[in-house]
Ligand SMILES: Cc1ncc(COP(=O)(O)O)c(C=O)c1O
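Just one chain is shown here, as structure tokens, and it is the form predicted on its own.
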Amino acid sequence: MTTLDTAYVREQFPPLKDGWVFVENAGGTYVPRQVIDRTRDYMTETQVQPNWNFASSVRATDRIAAGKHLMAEFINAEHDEIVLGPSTTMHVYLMAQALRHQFKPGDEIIVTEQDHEANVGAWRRLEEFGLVIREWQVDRETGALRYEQLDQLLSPRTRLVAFTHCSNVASIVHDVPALANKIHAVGALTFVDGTAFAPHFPVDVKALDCDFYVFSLYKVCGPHQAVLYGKRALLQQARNLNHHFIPDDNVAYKFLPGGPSHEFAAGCVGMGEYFDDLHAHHKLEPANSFHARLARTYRLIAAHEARLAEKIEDFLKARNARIVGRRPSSDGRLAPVIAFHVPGRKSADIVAKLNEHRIAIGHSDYWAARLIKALGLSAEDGVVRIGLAHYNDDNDVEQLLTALDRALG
């Protein structure tokens, strides 16, 4: 098969049977039955503390470990280079606190005006400890990062640059390896938020050469958890945030007070099963690793999502909607997320009409409040955001466009 079998895909997602067209996937995707089954099995069979020698605890330990190992392989990392935690926001906050002891007053951290606040606010809080925060700004019309400004911001005082792999509103994919190379040249660290990228394209942290990478599993058909990756030496050097007796090499716990969600870690095994099922069903080229199979599957997913997004974008352009961002990357990639505003119309009113037609969608600043403000829009009304997932099909798009036509008429 050379195209995605959406009928097969949709069979794996029970919530899709409710009759609504779900295009709020950029906020969080549905989960397939494989994830539901794995989570349920853990809770019904092994809802005990792991790491003991009795039978149910041994099974619990194995299931948790299997989920963590798969999520490491998901991004081509080693299992001791990732942390499974509750959210991207929490990961960034905790890592900012774990790293701040390596910085001194007057050191500089660069954050962007485009990012979700998860990768901005935690770093800005370090001003309390004497660090200087520099802002990498966006173009006021398009929402695209001003690449030339980064050269002006970087200096020997720069210690870390936090930026997004892909904007959750502007849908612009950034060239992480090129940016990392430039940032490393001044001796600074890179902290990349991949939450809006990972649902649509494969992640290879080694190829990216980023120092830290974080993304949310619940936007990639997984449980409400997030993954933090860091280069091993950096994770070991960072300060322990947990109990005093947790050793520095215990990455899984030193950055996660309270520990991980055991049932959701076990549920991650279902993510691996789901993507492997897609690989097998579409008879894709064999591969010896989960990460390699995932890359082949993602090519199918990306092509399908891009085709649907193009139809929607063409419709909105014809209706003179102001589309945020949508600038292709150097290799032509665009996330299938289309945020728009119609001059003279309230986003809330448009969304209300779409909801009447059973289109599951919302309006907001989507926690990219600084970007929305830079575009001259209000945080309260924000933009309407159409976030596609690979389980959306042509029928979804036709229903969406019909409803949009009525809402904008």
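Predicted, not measured: the structure shown is a model, and the values here were computed from it. When you see a residue number, it is the position in the sequence shown, counting from 1.
Below, we turn to the form predicted in complex with the ligand, even though it does not appear here.
Out of the listed residues 293, 219, 174, 262, 219 is the one that sits within 4.5 Å of the ligand in the predicted bound form by at least one heavy atom. None of 75, 118, 235, 82 but one reaches within 4.5 angstroms of the ligand in the predicted bound form through a heavy atom, and that residue is 118. Only one segment in the set 321-329, 129-137, 193-201, 297-305 has residues whose heavy atoms sit within 4.5 Å of the ligand in the predicted bound form; it is 193-201. Although the partner is absent here, residue 87 is a contact residue: one of its heavy atoms lies within 4.5 angstroms of the ligand in the predicted bound form. Remark: residue 112 does not count among the residues lining the ligand in the predicted bound form, judged by a heavy atom distance of 4.5 Å or less.
Taking the ligand as it sits in the predicted bound form, the stretch 154-168 comes within 4.5 angstroms of it through a non-hydrogen atom at just one residue, 168.
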